[in-house]
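Consider the single chain below, provided in structure tokens and representing the form predicted alone.
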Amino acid sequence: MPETLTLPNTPKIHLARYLAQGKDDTPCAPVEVTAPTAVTVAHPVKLTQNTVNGLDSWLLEAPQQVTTIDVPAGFQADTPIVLRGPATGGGVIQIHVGEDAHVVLQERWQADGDVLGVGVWLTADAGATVDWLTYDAFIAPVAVVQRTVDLGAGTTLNWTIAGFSHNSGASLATVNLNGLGAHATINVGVLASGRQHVGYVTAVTNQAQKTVGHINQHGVITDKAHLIFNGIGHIVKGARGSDAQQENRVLMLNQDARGDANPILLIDENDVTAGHAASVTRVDARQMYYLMSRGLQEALAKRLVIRGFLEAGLGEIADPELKQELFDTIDETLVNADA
């Protein structure tokens, strides 16, 4: 990692410590992509990508399998383009969405290994709409993930991030609203268990006028896990008429669980709207009493409360099979925690 490049802002997350361990250097398969023939998929030897910070450099260092996806202008499809990470190892992905295209992306990772690095860069041109579901279920003990999005004028991003991994590490989601009227909504739902120490940084920068960035993060913690949510909304000088809102909620299930919810607003312009909410709490005893008074066992009542809590972060998932898979994972994790 070049010393001349600084690391991104990750409050309370020990990013430098993770990067010092070094990525896995065992060759792995590239990301598997299922897409219509109109979409161009390639696996070049090297990715041409600007490095903004030291994490970019760390992710792009060999060995990393490279995947590029080009969605042509005017492309319209409700069938998702499916991206599946390899069984072991990380990788880097570059996605370009052309003007006025409407694309549905489904990205899934269940990789094993030691220290994984995953980098995704997405650029959407003017008028494009991107519906993106990210499902992280890493098995490796450490994973460092950075996804960066640049949106042009009049674009719309609807992004759901489901974090159901077993790893420690960091997950960074950065959205730059570069064009007039760009709009982004990022919903994050995380279940942390065991001895995980994992941090999420979801950052939206309103660069252009009349842009809208909304962050909604909900996390549940069990066992001795530690979950950190950082929400960063930044409206730069000149981005008049913009809106930055965020909500960060953490639910802890026992005394050993630790949670942090850190809302950060950086406002450099007057003619804007912005707001935030944050909470770190335990299961609501009143909700539990209500459900148990109607005949539900305590374990089942707790699962229903937690499902409802995470639904706020995962409610945009349209695939019923995938949503059921996530809820099955929730139930399995809670059963193990209660054992």
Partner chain sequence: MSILEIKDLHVKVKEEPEHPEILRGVNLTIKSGEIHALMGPNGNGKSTLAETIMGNPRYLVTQGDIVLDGQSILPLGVDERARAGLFLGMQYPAEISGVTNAEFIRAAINARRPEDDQVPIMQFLKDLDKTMAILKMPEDMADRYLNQGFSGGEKKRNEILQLMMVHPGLAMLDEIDSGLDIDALRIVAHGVNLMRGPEFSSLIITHYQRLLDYIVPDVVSVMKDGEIIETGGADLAKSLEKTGYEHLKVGDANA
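These figures come from a predicted structure and were not determined experimentally. Residue numbers count along the first chain shown, from 1.
Quick note: we don't show the form predicted in complex with its partner chain, though the next part is all about it.
Residue-level contact is defined here as any heavy atom of the residue lying within 4.5 Å of its partner chain in the predicted bound form; does Ala277 satisfy this criterion? Close contact is absent here: in the predicted bound form, Ala277 is far from its partner chain, nothing within 4.5 Å, heavy atoms only.
Verify the contact flag for Arg307: yes if a non-hydrogen atom of it lies within 4.5 Å of a non-hydrogen atom of its partner chain in the predicted bound form, no if not. Arg307 belongs to the contact set for its partner chain.
Using 4.5 Å between non-hydrogen atoms, is Lys323 touching its partner chain in the predicted bound form? Heavy-atom contact with its partner chain at 4.5 Å: present for Lys323.
Is Met292 close enough to touch its partner chain in the predicted bound form, meaning at least one heavy atom pair within 4.5 Å? Within the cut-off, so yes.
Which residue among Glu61, Asp70, Glu32, Glu311 has a heavy atom within 4.5 angstroms of its partner chain in the predicted bound form? Filtering the options by heavy-atom distance leaves Glu311.
Listed residue that, although its partner chain is not shown, lies within 4.5 Å of it in the predicted bound form (heavy atoms), from Thr48, Thr273, Thr26, Gln297: Result of the distance check: Gln297.
Go through 297-305, 48-56, 62-70, 32-40 and give me the stretch that gets within 4.5 Å of its partner chain in the predicted bound form, heavy atoms only. Among the candidates, contact is made by 297-305.
Between 177-215 and its partner chain in the predicted bound form, list the residues on our side with a heavy atom within 4.5 Å. Residues within 4.5 Å: none in this stretch.
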